[in-house]
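This text opens with one protein chain seen in two forms, each one given by itself as structure tokens under the names structure 1 and structure 2.
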Structure 1
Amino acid sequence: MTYGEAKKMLSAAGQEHLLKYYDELSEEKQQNLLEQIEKLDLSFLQLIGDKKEKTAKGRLEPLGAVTIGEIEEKKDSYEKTGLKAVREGKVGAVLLAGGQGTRLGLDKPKGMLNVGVTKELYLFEQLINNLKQVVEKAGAWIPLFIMTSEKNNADTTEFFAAHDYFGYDREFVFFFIQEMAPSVSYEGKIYMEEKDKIAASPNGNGGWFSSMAKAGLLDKGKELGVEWLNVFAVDNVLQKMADPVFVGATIDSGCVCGAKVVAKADPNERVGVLCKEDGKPSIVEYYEMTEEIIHSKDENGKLLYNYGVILNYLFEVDTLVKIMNQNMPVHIVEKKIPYLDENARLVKPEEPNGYKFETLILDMIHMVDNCLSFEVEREKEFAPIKNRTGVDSLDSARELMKKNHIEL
């Protein structure tokens, strides 16, 4: 993109201020800025003018789950199906690892957090250990796609290399960078974070598949024979990936998607619940549920909306390809966004000063026709590390790791 092309594009959108410092920049930085401008998706800006109250949910219905007891009865059959798919190279794993550990006091990728007590044991390392259990059982390596962000990609790739990929075959590890979305003021002006850098942030966990496609890794997956992708979050240290029982149950069910869920600890637990919306699978957030829905029970006194998601999904690749070009809902989130003021000084606001744009993986669930709800034991598979102390913290995760006989 040339300077003239950039100026024309930005002027039409009322964003010409992005070129304010262009003449002060070195040739290299000028080129860098033009490349950022070329990649800008200005369609996001229309959402601000159209900003309304959250779209109301459709008609909600409960969606039961294959329960722990039912899974146990068919475990051998499910596992046989799942292991066959893994051995044939049909299952890939996608680690969502674009975040920083700032809330945990770590100015590095969250996966670099040391979860050990008497020894070093990194979050990335434990997740790899979990995946290697399946590799050993199946006798086959599972392609692992790791989504990073512009902010943490270098740290992440260097960390894996420095630790020799924690014993995983590096030929089966593929990194890709999540796409970015611009950060804007309440008036819809895109912020600058440096004279040659547009303020932008990762476009939400719903952008994982399009980011993977743009990185050319769909072709790599196809070359390897991958038909299913198991997507999971970096912060759940007990996460089981490419779990043959889960994979087998989903395949045997004929569903194009599967979701691991846990029974709610209590009706008011703040988790997204897997249900049906207008006849299709959907995830309803706790704040979107009425008191009546939250407390509704069946004839046996069991909660109807009982199963919370843990961000561990299995998607059929062909289905993902079909929905990839559909418009996903874009969520506008108020945030504190560092920006350059009129005097080119970096300001770090203490209050929200604009919007970021995110797509969410939970919206992908509503775009598919069916989804198997697969119940797992909370204490064996759900130990998220989101806070320094208290609930869902490093301390609570360590306690659960000890219960699962993980040496710390």
Structure 2
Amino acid sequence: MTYGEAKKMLSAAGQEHLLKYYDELSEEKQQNLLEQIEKLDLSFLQLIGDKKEKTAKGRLEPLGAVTIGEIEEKKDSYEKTGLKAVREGKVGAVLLAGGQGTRLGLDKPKGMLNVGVTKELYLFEQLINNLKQVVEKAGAWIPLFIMTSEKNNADTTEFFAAHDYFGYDREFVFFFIQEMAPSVSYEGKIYMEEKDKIAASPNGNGGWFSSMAKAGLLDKGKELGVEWLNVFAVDNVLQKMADPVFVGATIDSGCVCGAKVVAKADPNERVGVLCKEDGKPSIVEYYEMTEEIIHSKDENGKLLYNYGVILNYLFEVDTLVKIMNQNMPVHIVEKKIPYLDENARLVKPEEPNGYKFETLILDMIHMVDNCLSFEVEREKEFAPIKNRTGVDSLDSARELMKKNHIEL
């Protein structure tokens, strides 16, 4: 893109200020800036006007779940199906590690967090240990795709290399980088981070499959025979990946997707609930539900909307390919965005000062025709590290790890 083209594109969108320092820059930096401008997706900006998000949902119905008791009864047969699929190379794992972990406030990738007490035990390491249990049981390596962002890719890949992939076969580990979206002020002006750098942040975890495709990894998956992808978050230390029982139950159910869920701790727990919306599976946030729906019960007194998701989904690859190009809802999130002030000084705000744009993996569930809701025990499979202290923190995760006899 030339300077003239950039100027035209930006002035049409009221974003000419991005070229304010252009003349001061070296030729290399000028080129660098033009490349960023060329890649900018300005369509996001139109969304700011409709920020008062459409919270109106369609017609909600409960989806229920295959319960822990029901799973226990059929465990052997599910496990057999699941292990066979893993052994045949049909199951891949996708680790979402492109987030910035702003609540935790680390200056490095969340997976580099040491969760050990008397020894070093990194979050990435614990996840690999969990996955290796299935590898050992199946006697086959599971392809592991790891999504990073431009912000943390170098740190992440170097960390894995420095720790020899925590004993995982590096031939089966594939990194890919997600896309970025511009960060804007409340007035919709894109912030600058440096004179030649536009402020941008990872575009949410919803684009993982298309980013994987852009990185050429669908071909890799095909070559390896992968038919199912198990996607999970980086911050749940008890996360079970490629869990053969879950894989087997989803395959046997004939569904194109499965989601691990936990029974809500109380009706008002702030989790996304897996239910049906207009006849299709959907994850509905607590703030999108009426009090009546939140508290509705069946004839046995059990909550009808009782199952919260834990960001562990299994998707059939053919289905993902079909929905890949559909538009996803874009969520506008308030955020603290470091920016250059009018004197070109970098300001790191203490309070949110603008928006970032994200698509979310949970919206993919509404794009598929059916989804097996698969209940797991919270205390055994859900120990997310989101906050510095209190609920869902390193302390609470350590407690749960101890309960699960993980040596810390």
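When a residue number appears, read it as a position in the sequence of structure 1, where counting begins at 1. Take the two forms, find the largest set of C-alpha atoms that superpose within 1.5 Å, and that set is the rigid core. Every value quoted in this text rests on a predicted model; they were computed, and no experiment measured them.
In this pair, the copy labelled structure 2 belongs to the form predicted together with uridine 5'-triphosphate. Taking 2 Å as the criterion, Lys264 does not count as shifted between the two structures: its C-alpha moves by less than this amount when the rigid core is aligned.
Relative to the superposed rigid core, Lys8 undergoes a CA displacement of at least 2 Å between the two structures. When the rigid core is held fixed, the Cα atom of Thr102 travels 2 angstroms or more between the two structures. Note on Arg345: its Cα is shifted 3.0 Å between the two structures, core used for superposition.
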